[in-house]
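In structure tokens, the next block holds one chain alone, the form predicted on its own.
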């Protein structure tokens, strides 16, 4: 396999993974989505802060909207599916738009992938949807069942969330 074709095949596989997980989450098939997560998942959504232009980093390394591992994600998913998930009862209607998928680094077993995410979320009878935009930095790893999500860093474009709760998977 030549280098150009191999790069195309890697990016195509990563795009397919990201589009598939978006469909699963938008269809509220969260347990099927959870099957795509590896046992050592590191899932973080750090708080964005407004800082001076000279600051090195806009994101906190100590404050997170979400900081999850496999077990806490499992609990979150199970909670979404019971009657006590008050913020998701009735459930949000979401549509995820994934774009600008770029494979930054790859070896035989894993891929570091960057993508953009736009989530359109409507809830109850509200006529004003929530829009969340972010850059995602993922590590996808080959497993026995195909690619798995081993790490996700979601860098929201917002310093103040334009939604009442962040009870959905980004």
Partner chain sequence: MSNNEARRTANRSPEGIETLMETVGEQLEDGQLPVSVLHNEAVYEAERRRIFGQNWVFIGHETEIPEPGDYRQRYIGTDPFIFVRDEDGDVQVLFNSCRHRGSKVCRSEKGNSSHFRCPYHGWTYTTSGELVGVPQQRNAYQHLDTDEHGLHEAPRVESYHGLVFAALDPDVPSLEAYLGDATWYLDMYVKFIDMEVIGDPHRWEVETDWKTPAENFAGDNYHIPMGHKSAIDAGIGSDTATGEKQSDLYAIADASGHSFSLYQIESDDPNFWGHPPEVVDGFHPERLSEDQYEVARKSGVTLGTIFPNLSFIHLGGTNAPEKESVGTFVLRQWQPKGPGQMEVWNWILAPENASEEYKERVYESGMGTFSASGNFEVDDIAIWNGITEAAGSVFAEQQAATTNFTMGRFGDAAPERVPDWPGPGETYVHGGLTDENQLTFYRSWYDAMQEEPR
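Quick caveat: nothing in here was measured; it's all calculated off a predicted structure. Positions refer to the first chain, counted from 1.
The protein also exists as the form predicted together with the partner chain; that form is not presented, and the subsequent description refers to it.
Undergrad: Quick one: find which of 59 to 67, 137 to 145, 32 to 40, 101 to 109 has residues within 4.5 Å of the partner chain in the model of the complex by heavy atom distance.
TA: Looking at the partner contacts, the answer comes out as 59 to 67.
Undergrad: Taking heavy atoms only, is residue 127 within 4.5 angstroms of the partner chain in the model of the complex?
TA: No.
Undergrad: Considering non-hydrogen atoms and a 4.5 Å limit, does the partner chain approach residue 161 in the model of the complex?
TA: Contact check for residue 161: yes, within 4.5 Å of the partner chain in the model of the complex.
Undergrad: Using a 4.5 Å heavy atom cut-off, state whether residue 166 contacts the partner chain in the model of the complex.
TA: Within the cut-off, so yes.
Undergrad: In the model of the complex, is there a heavy atom of the partner chain that lies within 4.5 Å of any heavy atom of residue 116, even though the partner is absent here?
TA: Residue-level check for residue 116: no, no contact with the partner chain.
Undergrad: Pull the contact list for 67 to 99: residues with a heavy atom within 4.5 Å of the partner chain in the model of the complex, in sequence order.
TA: Residues within 4.5 Å: 67, 68, 69, 71, 72, 74, 75, 76, 79, 82, 84, 85, 86, 87.
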